[in-house]
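We've got the same protein chain twice here, in two forms, each standing alone as structure tokens: structure 1 and structure 2.
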Structure 1
Amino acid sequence: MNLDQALKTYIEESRELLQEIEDGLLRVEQEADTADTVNAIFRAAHTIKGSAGLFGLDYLVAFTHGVESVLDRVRDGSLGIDAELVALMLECRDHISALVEHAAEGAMTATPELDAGGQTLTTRLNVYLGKQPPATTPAAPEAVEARVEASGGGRVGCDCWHISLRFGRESLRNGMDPLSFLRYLATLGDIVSIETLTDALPAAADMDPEQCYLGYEIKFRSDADKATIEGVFEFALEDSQIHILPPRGRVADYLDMIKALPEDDLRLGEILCRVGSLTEHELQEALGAQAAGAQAEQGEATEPAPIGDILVGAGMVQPELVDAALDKQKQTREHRAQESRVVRVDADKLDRLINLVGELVIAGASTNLIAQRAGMADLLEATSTLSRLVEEVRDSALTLRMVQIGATFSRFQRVVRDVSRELGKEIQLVITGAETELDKTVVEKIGDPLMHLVRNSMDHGIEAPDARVARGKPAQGTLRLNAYHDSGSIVIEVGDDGGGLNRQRILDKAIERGIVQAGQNLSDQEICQLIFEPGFSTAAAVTNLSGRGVGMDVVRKNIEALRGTIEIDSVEGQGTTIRIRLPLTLAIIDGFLVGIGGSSFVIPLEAVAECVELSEADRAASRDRHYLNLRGEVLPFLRLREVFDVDGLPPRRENVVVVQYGKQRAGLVVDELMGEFQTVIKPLGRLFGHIRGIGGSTILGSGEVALILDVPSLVQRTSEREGRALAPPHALSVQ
């Protein structure tokens, strides 16, 4: 992997980690036990910072380090987390996101604007860091010397580094003064206590004044890392025994850092060195001991002792750190095994694959048609097998583009939190159906319409806390996002338990604006759907969120561009649910081919309920009415020959294709039923975009163009013509 690819991977992973940070920060306010969530946020920030250092993104490292420091204080319990701190952390998350996007452009330095924004946030972060007890000023050498000389031992139960020193016997003869090392150590922090060890001290008669017999057990408070502390004793490492164990809090840090390490193939010693719990000198010493121990007394090779046992036995690291490193190795192996089955694919390449599969479907249909005309049994069998395989390839390719809608829903956690605070309302977001899958292209295009609907529900739908209490409702309002599959479509619902739509107010405003005529008879649903008219708004005042009437009509246009519809279910005083119904995919569908005169049309197969023949009695009666009796059910129908003004007389035998959209049913009268057809959807040009009842086009095997019928539009047309609803009000579609 070259540098550009590695950076691109880092950017993608950072975006995912930033989403994890945002989700965690939004959860932490609602959780009683926040330890796991805070640890997860810390690990995500630490991973972003650590990986940024690999690419020389110092500006990203510097800012994220401050965020990490505050989170560290939250983790160790020295700083409580509240709404104000969560708000600051969310702002910091947004700034890190801006820095990541800046890095995605290849910039190695931050812009002045980013620097200024980061400095402002860092100043606010320092307020929280400034609440720490001030660092102890390093003691003067004379004070250290007095403490060393006066030390009578005694361990102090504090969270400090523990340094065990056993100077070599020849230290004094080699010109080294043990006290000088302790003076230098004091410049890095505070020596809390020293216990002088005299267990190696011989009888007075046997003492050599040029040899060192003393050892020290030191409690040392410092922010320095292990390698820096070990560096104090650099000149005594060869002939002395020096063991440095981190404080309890630092052990917890090491454990978290081990968990946050990238899934690299590292050995146990390398993992411990990477996080700083083991120094390179200690590792080499342990490896030497391992190699020496592998030789038996007679010189025969034996199985070497595990390096972890050697490190623990020598007092170089704690057992829990070795266990954590071994767990990390196991996770890495499992991750790599899983990673070998997962490949990241560029979205453009995936789109190209779908286009090629679409062309393959068209070519397969052409081959099948030629085989039918040739009448060769062997060729027909071969093309039948080819068609089956092409269909499987098509389904597999479309599955690659299916993604869960949960990621889109999760974006609104932050929106609901920020907007509710801005409005002074208490609103909780309830998400269901997050695992529902739909086409990636649909997911990308549904975000903005959903944003309009969510903001509208919070601004217009959910009342202020005092108003809700006065109406006997909980002070906290509820906003619901739900998704599910229904009849080959995906349904997305945005609901609230607010005041509902005031139909009389909507009607009065529509009459005032000339959208409808005074005295015009409209159903409740037709009145509700006036909110989607351009420029329509009932807001008493314009706010930053709504009131200008430029949102809801855009929502409808965007949904219709996706071949979808919008339905409204509202009860005044109880709430509103806006239901968006969309196709699962915008590329290739199963269709049902029908003929009218010399033209061919495709009906989406998921909308087809059944096909029946139009009897002579129904044909005769249809001169006076446009509905028939289908097993006791009144079924309105449309003659597509009349709808699309197809020339010629209908055949003696006509058929009715019963279609269903949501809870609505209607019949489409056609001349000929031509069977199922794999349909590659081709968009119509702008010139034909206004034609009602047509949702696109496709190319048949013969090379002819067939139009794809827009079933929701045709079903609603039957309702409008009969002047009566086909289903309960909440199932009415907007077109």
Structure 2
Amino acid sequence: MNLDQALKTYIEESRELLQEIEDGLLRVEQEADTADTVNAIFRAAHTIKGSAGLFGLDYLVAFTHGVESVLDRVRDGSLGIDAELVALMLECRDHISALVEHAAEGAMTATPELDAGGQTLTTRLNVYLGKQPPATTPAAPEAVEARVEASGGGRVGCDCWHISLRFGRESLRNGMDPLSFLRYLATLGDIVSIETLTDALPAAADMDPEQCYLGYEIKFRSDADKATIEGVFEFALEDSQIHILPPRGRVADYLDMIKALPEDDLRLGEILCRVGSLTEHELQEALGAQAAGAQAEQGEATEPAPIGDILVGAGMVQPELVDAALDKQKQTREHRAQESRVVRVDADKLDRLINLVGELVIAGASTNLIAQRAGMADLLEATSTLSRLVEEVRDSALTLRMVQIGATFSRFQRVVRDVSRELGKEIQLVITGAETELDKTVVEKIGDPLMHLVRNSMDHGIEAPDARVARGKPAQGTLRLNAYHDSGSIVIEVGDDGGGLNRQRILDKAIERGIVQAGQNLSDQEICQLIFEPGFSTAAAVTNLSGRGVGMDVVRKNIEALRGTIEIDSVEGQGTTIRIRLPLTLAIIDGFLVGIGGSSFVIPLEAVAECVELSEADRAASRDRHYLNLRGEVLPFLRLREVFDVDGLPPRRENVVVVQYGKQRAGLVVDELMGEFQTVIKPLGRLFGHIRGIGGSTILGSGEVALILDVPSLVQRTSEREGRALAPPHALSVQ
């Protein structure tokens, strides 16, 4: 029973619920039948409120309650939902989110700023609650009034905690002495008064001296929060009845407690008065109302009215509070059911597991190697089973980290909505491939670059409505977010149907900024890539969204840090698609081991298309040209021996590994093909960070280090060289 842990779970859950609320609010405007969505939003807000109550986060409860009330009116149809209300609700959602984040820092009270913000929103919400004509919903005004009363009359005046303790019979035998709890409690604050209840003591003959019969009612003054006080009794919680009522608690809570305790109600009431937690008047009011209710009921029904009804009838508690209490119980049950299906795991634990699996893979490889050297058939068989299992463990450990990209995408619904309003453009967001999975670390890091790209597309890409109409396009622009898997990488596309890139303008700008020199021969793709250069912006006007020339270069850096690449497809006048290509995982990959001279290199297996032998004819010709004929196709190739300057002469037979990246193919000439190898990626030191063509290192079974080839940059290198060979002799290459 760890409250910190529980709070963490609550915060996590609230964030998810807030996301649901946002999604719902954005959806609700477009839907014809809003009932389901409104219900979902209401439930989410309700759950946040209910659970906040469990943690004593009163400021969260208070604010969310107002939101919930308005949602409730929408739900029962007495209030229509329009763009204005949605906007207000979105603001409220943001405020709740701020409160939740505030609570995440462990604060039990709101800051004045948060309070002020909440107040403004609450006032605006009240307009919705108040302006409803009474004729349509006769019950509503009463409810509102009752709430005002509830905050005053429904609470006790005492500013101390009230703690009621009935320890389990076996506590003494279990080594728990109630006295030690009391002593500990006294360290947290001031025990103003205490009553020891001996009512449970049986007659002498029946009394077991080793069982605990005593109960305590305590008035306790302390600044500690509920969690701390509850923590005192943490070990006793299981078989004991412990009630902790906050200062100025609701009378209803006291009544519930009185009901729950074994002693006679009236006697308990007296004790509470004696302890000083309840005044005589408060007690009489509550118990009197209860008794009166019971009498009135007796004529018609034998069942006494539930205590909640009485309190509601007496105007002490508003109906919602009682409903909320009931719902809270129900939700707790539902949550339990959900928890059994989903286990929340600390991301650190997962990372540790992945690390260990990585070590396991390396250790497995070295066992394999030894088995091969020893040449024992049965040992080889055992190690091969082992490595198959390790492979499976690796795959399932990695899938644990896989999350769908949908959640990241749907965040942009809100961004697109807000930004398009700000810019005065009509833009709709179309999401496809939301179920595509990728590594959690990648998902976390891709959010910011995507944000830049999305904003950039909206700001620079999509034209203003009248400009669009003039060009014969629909006034509403479309922004597309798409994700899919492609040969071992994940591709994320941000596309718009806007104006596209004006290549001449980019080139002019680049020359003006001195990024390239006039007369350079650049391919289309290279020109497009220029927009990722630092300090580059072609926007005529600088808005507060973009156009300041920061961002796109940061985007590229971020993507490259993830071992990804970025490419642009743009048709002028028709739109631009920016394609981000990322590796699926950052930890362990299937590699293809090749040898050159004495060194080993790993090529990511997913990039390998096929292996062919370098024919005698191609070998002879390779001194003049760096491409070969692969079944009628031109295949540029690189000799890795030359690229990495490996000593020694090439062997008599050389092999070509055909690698593919995106749409491009290239051949890598190596000495020896050594087969598949599970590769644990280890980062290279910073010293080697700038070396092109190498993406990382790994440890082989023999303990040797092998370098992992960076296929994208090698492929790019071959095409650059081809470009250079075809370009006019004075042209420089631009990377």
Partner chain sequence: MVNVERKGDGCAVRIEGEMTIYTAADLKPALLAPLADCRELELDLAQVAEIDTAGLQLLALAKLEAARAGGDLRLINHSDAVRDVLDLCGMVGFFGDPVVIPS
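Between two forms, the rigid core is the largest collection of C-alphas that superpose within 1.5 Å. All residue numbers here follow the sequence of structure 1, with the first residue given the number 1. Because the structure is predicted, anything quoted here is derived from the model rather than measured.
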| query | finding |
| --- | --- |
| Chain form predicted in complex with the partner chain, by structure number | 2 |
| Rigid core superposition, E654 Cα moves 2 angstroms or more between structures 1 and 2 | no |
| Rigid core superposed: F220 CA moves 2 Å or more between structures 1 and 2 | yes |
| Is_shifted E613 between structures 1 and 2 (CA, 2 Å cut-off, rigid core) | no |
| Core-aligned CA shift between structures 1 and 2 for G189 (Å) | 42.1 |
